[in-house]
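There is one chain below, alone, in structure tokens, taken in the form predicted on its own.
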Amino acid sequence: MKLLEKVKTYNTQIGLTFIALLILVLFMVTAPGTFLRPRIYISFLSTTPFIGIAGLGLTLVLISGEIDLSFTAVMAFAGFVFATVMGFTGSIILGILAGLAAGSVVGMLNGMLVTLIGIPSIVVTLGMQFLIRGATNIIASGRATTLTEISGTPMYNILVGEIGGVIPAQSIWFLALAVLIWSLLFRHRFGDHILFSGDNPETAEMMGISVTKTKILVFTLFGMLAAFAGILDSFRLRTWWPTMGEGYLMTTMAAVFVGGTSMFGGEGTVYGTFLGAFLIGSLEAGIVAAGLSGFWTRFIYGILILIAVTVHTLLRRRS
């Protein structure tokens, strides 16, 4: 009985794991020259964490019953602040702290507009997406900033270097943050507040939980995570680009939805987002290696999202 209860509790994660393994085997059969060699997996470990770190923050926002579409602009804004402060001060540490602070402030503003004024989060964050992206491009005059001086520095090696000469450090950061967010969500009182606030705000308030404070903190935390992803990307590329983050919106949302986090609030899975990020991150390479056109990528993204959301909705109705 206990085994059956465990299976019912984690049916979404078990199903996602099975699908991921099935797709991996399919890629190995259709493109053995690519997927039976370690190089492709090192590539995934290098690029997927940027989707995944942002996805962890988006998971928390969705669980709280809201949505945030501004995070890709926050990635670019934080990267710009990092590059600018580092250029003025010559300190990588100060640049990183300034970038994280910038992302946190944008997230806090999002949360305050949503909770204190009552504007729907999709409207607030869509507007903030355009505002932050536009302001960043105006200040930067649309020009990229080279960051070649960070190459070979201790912070470069810590953030995006190669552990043991093989494993990209950003993948270790992604894993560590996934464990931290999981612990925060399921082993800390603040996680209970997030879950209750997303499931039933009125009941949460009656239980003494400040839904307003909780959601503001969630948006702030997401801003910081998006900023960290942008800073990591700047380190990896050793250049800040005005278009940074533009390609991450749909893939990040796909990773979270495929991972099984509910759009209705009140429930979600960090493990699903973690696995979903690698699943989404591997699709394009697998499709091209299998001999199909890259145009198939978005088509398959759409299928996966629709299937995942449909299955999750049906399971929610049954429960």
Partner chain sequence: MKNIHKHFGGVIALRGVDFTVGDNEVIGLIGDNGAGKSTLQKVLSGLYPPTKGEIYIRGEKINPRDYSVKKAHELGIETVFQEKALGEKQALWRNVFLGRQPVGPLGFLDVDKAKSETDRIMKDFLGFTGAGISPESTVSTLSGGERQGIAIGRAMYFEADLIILDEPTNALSVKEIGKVLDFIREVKRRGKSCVYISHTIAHIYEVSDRFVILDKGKIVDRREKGDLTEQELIDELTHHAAKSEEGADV
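For clarity, every value in this text was computed on a predicted model and none was experimentally measured. Numbering follows the first chain given and starts at 1.
Unshown form predicted in complex with the partner chain; subsequent notes refer to it.
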- Query: Looking at the partner chain in the predicted bound form, is some heavy atom of each of E202, G208 and G265 within 4.5 Å of it?
  - Reply: yes
- in the predicted bound form, does F196 have a heavy atom within 4.5 Å of the partner chain? yes
Hey, in the predicted bound form, does R189 get a heavy atom within 4.5 angstroms of the partner chain?
-> yes
Check: So, in the predicted bound form, is T153 in contact with the partner chain at a 4.5 angstroms heavy atom limit?
Finding: no
Exercise for review: Mark S183 yes when one of its heavy atoms lies within 4.5 Å of a heavy atom of the partner chain in the predicted bound form, and no otherwise.
Suggested key: yes
Answer among 50 to 58, 246 to 254, 266 to 274, 27 to 35 for heavy atoms within 4.5 Å of the partner chain in the predicted bound form: the stretch 266 to 274
